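To begin, one chain is listed below as structure tokens, in the form predicted alone.
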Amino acid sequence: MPTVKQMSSSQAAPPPDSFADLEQLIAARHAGLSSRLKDIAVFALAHPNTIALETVATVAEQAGVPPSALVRFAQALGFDGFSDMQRLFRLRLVEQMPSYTDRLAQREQGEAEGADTLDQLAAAAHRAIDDLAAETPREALDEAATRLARARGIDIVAQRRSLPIASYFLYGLLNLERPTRLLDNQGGMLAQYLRSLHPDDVMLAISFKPYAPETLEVVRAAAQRKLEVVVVTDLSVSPLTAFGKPTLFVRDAEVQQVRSLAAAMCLATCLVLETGRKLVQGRGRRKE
């Protein structure tokens, strides 16, 4: 495995100049990073606002790494140092609404007022949903809805924290009269479910860090059977992204080291509604 020094010296390409390109670069380089730098990559993608707004010392404390490791991470991606990389995280905020200045003011106001837990959760969920709306490519959402609307059947797989999202998808898609089942291994029947997968089915896989190995196993089995897989996950370094056609990303709010599901549920609701719209459009074309 190449060292950070080897990687930095061997890369002649300039560093990325947009946050989207930076995300792609982190995903591409992730496998070649050391364990500590992999942890930093996951932290950076999961907490982009922290990287944008905080000092290197504060980021290091929250990530549980020395400041020098953050500098090494930035250099491994082709930047001169942490501040050079931080510029792209700040640019991401500037390009969104509310503006970077507004976000900074809101954070300072919340700290000054000592917001209680409900206020913190509501504010964090609001920001996560704003980020979801700003960052989700509409063409990926449209493609996902098209695949779910055209599928012979839909097989949903999720475990642990992702299971409530899967349950909502099951409820919503069944209400659309889509043939849908949840592969949750109830009764130890997962192997039998996998044997019944049909090539014309679409698998909907939901998994967030730390990524349930059971979900990845099922997705691999689906890919081997040539099923199309729609993925809902949180980070570009998620192992499920290799199978997503397409992959939809959602980073949910975290307060007191507990993550909510507000933004993920918003995305699930939107995808169900868009699938319903595709079904109505398809029926209209058939009548013509």
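Model, not experiment: these values are computed from the prediction. Definition used throughout: the rigid core is the maximal C-alpha set that superposes within 1.5 Å between two forms. Counting begins at 1, following the sequence as shown.
Below, we refer to the form predicted in complex with the DNA, which is not included among the displayed structures.
- At least one heavy atom of S35 is located within 4.5 Å of the DNA in the predicted complex.
- Contact between A57 and the DNA in the predicted complex is found at the 4.5 Å heavy atom cutoff.
- In the predicted complex, the DNA lies farther than 4.5 Å from every heavy atom of Q159.
- In the predicted complex, the DNA stays beyond 4.5 Å of every heavy atom belonging to Q62.
- Taking A124, L170, V71, A145 one by one, only a single residue has any non-hydrogen atom within 4.5 Å of the DNA in the predicted complex, and it is V71.
- S83 is the sole member of N175, S196, T117, S83 with a non-hydrogen atom within 4.5 Å of the DNA in the predicted complex.
- Of the candidate stretches 162-170, 147-155, 212-220, 72-80, only 72-80 contains residues with a heavy atom within 4.5 Å of the DNA in the predicted complex.
- Scanning 134-156 for heavy atoms within 4.5 Å of the DNA in the predicted complex gives no residues at all.
- Comparing the forms between the shown form and the other one, the C-alpha position of R72 differs by 2 angstroms or more, with the core used for superposition.
- Taking the rigid core as fixed, one finds a CA shift for R87 of 2 Å or more between the shown form and the other one.
- When two forms of a protein are overlaid on their rigid core, residues whose CA moves 2 Å or more are considered shifted, and Q257 is not one of them between the shown form and the other one.
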